[in-house]
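Here's a solo chain for you in structure tokens, the form predicted alone.
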Amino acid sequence: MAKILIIEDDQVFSELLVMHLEDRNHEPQAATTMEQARQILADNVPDAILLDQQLPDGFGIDILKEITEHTPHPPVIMITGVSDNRLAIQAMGLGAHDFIRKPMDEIELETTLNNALKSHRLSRQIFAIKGDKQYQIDIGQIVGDSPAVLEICKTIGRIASRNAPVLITGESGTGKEVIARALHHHSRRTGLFLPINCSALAENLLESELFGHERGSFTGAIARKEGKFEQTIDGTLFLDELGDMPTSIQPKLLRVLQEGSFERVGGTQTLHSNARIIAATNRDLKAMVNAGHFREDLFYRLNVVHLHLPPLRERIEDMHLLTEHLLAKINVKQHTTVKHLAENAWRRMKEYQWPGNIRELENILTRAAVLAPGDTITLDLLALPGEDGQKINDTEETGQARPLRIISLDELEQEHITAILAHVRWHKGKACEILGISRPALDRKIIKYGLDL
């Protein structure tokens, strides 16, 4: 039996919670305002608190701050209908035990509450140190209200202020850098967020980018250069495509993680770095370790906290919010006015498997938006691969099935780049902006597909 304080202004929902808790032999007490909750807390500290966000005299997050300023404090479970991932991150960062969205089921509530009560019993024997500074940065790019996205946001809230390395895994295009930036912005670090793609540079250039080099250390090294580890003072270094890091560089990275020290290429002076390392990969590092292609000790040093991002096909329920968010961004960037999708286009998008994930979704929507004659994206503008924009066995109003058209991802990319170049009349700068790639990358693809012939 436990004393549970319910801070909820919805009378019906509050009464349901009271009845549910009484059936399980708890002692619930309800408050409908922040002021009433403060009065109850001044007289008696409960074993757990169920807290809503929207209250008549303020916001639940504010009273959460007041509660968690004291150590020890009862576990707080935020239960809210507010669909804002930033709130989940902020609540977990402030010390909430958990965050539940309405509507919820009884099993979810009971499991979460039992875990909170168990944690509270153990916490009475432990003194925990908690920081008193909370950064609130707008990271609207984390879009979605699926359970998977909520869990990711809660984890960000829990670990953002720590210094432990984080390994983010997931397929290409799932938004790994977005999550890395969120971790940095919600941390207490005041330095820069510096990303580096481990697959984009040759081995000697990657080593120089990371650790710097001395003048004359290799051909072309005409002056001393500071590397990312020197530049990242009290900041975060994001190592993207970690699985492509050459094995020759891995021991030097391991040393930084173990000792915080390194030397520039061709140098003898020992330098120090306090950068937090966040790494990301779409490859199976454990399998690479077993195959001898990645150092086992480095893998465990980086894999202190592991965040796995699900592919878009496993969170289709987020498709509406993602599409809305991306189209708003595209309209600003491309000066388009797209507001709608035709019903059959929307249906096709939900049925498609999205092997390129959110990056592919953004590219497809960008292409459709810049080619759309009005404010609506039609099925033919999507040009999704495999079926000429049409689901297998789907029919037009005439009842005739469309023929199946299967193409590779390379063919899709070629068609997409060709269409964008035609749209911007071969203005390569504008094409790079739409495609989200560099000028050299565009030139390579033009040569690869023979588009300049």
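Throughout, we count residues from 1 along the sequence that is shown. Only a predicted model underlies this, so the values are computations on that prediction, with no experimental measurement involved. So that the term is clear: the rigid core is the largest set of C-alpha atoms that superpose within 1.5 Å between two forms.
Another form exists, predicted together with a small molecule; not displayed. Remarks below refer to it.
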Does the small molecule get within 4.5 angstroms of any non-hydrogen atom of K176 in the predicted bound form? yes
My question is simply whether R359 lines the interface with the small molecule in the predicted bound form - judged by any non-hydrogen atom within 4.5 Å. yes
Would H325 sit within 4.5 Å of the small molecule in the predicted bound form, counting heavy atoms only? yes
is_contact(K329, the small molecule) in the predicted bound form, heavy atom dist at most 4.5 Å: yes
I need the one stretch from 262 to 270, 240 to 248, 211 to 219, 87 to 95 whose residues put non-hydrogen atoms within 4.5 angstroms of the small molecule in the predicted bound form. 240 to 248
Looking at S199, S172, Q334, S161, which has any heavy atom no more than 4.5 Å from the small molecule in the predicted bound form? S172
In the predicted bound form, which of the listed residues (T80, T232, S187, N282) lies with a heavy atom within 4.5 Å of the small molecule? N282
Taking the rigid core as reference, does the Cα of E22 move 2 Å or more between the shown form and the other one? no
After superposition on the rigid core, does the Cα atom of W426 shift by at least 2 Å between the shown form and the other one? yes
Fitting the rigid core first, would the Cα of I446 be found 2 Å or more away between the shown form and the other one? yes
